[in-house]
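First comes one chain, alone, set out as structure tokens in the form predicted on its own.
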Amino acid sequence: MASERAARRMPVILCIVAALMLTMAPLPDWADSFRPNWVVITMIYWAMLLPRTYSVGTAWVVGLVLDVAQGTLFGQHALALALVVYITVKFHLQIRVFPISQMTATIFAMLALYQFVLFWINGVAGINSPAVAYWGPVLTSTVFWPFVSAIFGNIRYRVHSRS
């Protein structure tokens, strides 16, 4: 029973680890401002589909790991990610039935909220960054959302078809 539960959780954990690795992968300076928020879209997807398993607590822990990995203020990504995942869990039943265009627009709004929280925390701390550093990832993450959603849907289908 416990091994079956662990086998079902392993693909999701691997997706989160892969998102963390993509977030930490080096990019050229010109492309770094447009790095998608891999961790955020991964957490939104799994919180939307499995809200009882991957919720605010998971988002908080993943956000703390992201803070340590990127060397930012401790807790800033955790707070922003927990807020976005809370909204996702709160409205997961409505978001799941949206057509892909409306879901993408909703994801855009949640990514903008995430970046706004980071912008606000950095402003309070006196850290200045160019606007493209905040809004570039929102645009690229929104563009990648339908593809990431399709890939994760395929992973989820394969895991459930094996059980």
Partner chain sequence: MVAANSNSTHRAAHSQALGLRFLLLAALSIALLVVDHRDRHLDTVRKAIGAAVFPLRVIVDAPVSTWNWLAETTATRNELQSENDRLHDERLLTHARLQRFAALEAENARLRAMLEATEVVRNRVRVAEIMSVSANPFRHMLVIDKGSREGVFNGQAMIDAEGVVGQVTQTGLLSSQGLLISDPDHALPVEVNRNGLRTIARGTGAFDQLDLPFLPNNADIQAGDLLVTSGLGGAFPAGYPVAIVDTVIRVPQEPFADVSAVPSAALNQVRELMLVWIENTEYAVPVDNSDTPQDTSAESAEPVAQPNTENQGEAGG
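These numbers come from a predicted model, not from an experiment. Residue numbers count along the first chain shown, from 1.
One more form of this protein, predicted in complex with the partner chain, exists but is not displayed; see below.
Participant: Taking any heavy atom pair closer than or equal to 4.5 Å as contact, tell me whether residue 134 reaches the partner chain in the model of the complex.
Facilitator: So residue 134 counts as contacting the partner chain.
Participant: Does at least one non-hydrogen atom of residue 17 fall within 4.5 angstroms of the partner chain in the model of the complex?
Facilitator: Residue 17 belongs to the contact set for the partner chain.
Participant: Would you classify residue 101 as touching the partner chain in the model of the complex, given a 4.5 Å non-hydrogen atom cut-off?
Facilitator: Residue-level check for residue 101: no, no contact with the partner chain.
Participant: If you check in the model of the complex, is residue 23 within 4.5 Å of the partner chain, heavy atoms only?
Facilitator: Heavy-atom contact with the partner chain at 4.5 Å: present for residue 23.
Participant: Using heavy atoms only and a 4.5 Å cut-off, decide whether all three of 52, 82 and 89 touch the partner chain in the model of the complex.
Facilitator: Checked in the model of the complex: all three residues contact the partner chain.
Participant: Along 97-120, which positions have a non-hydrogen atom within 4.5 Å of the partner chain in the model of the complex?
Facilitator: Read in sequence order, no residue approaches the partner chain (within 4.5 Å, in the model of the complex).
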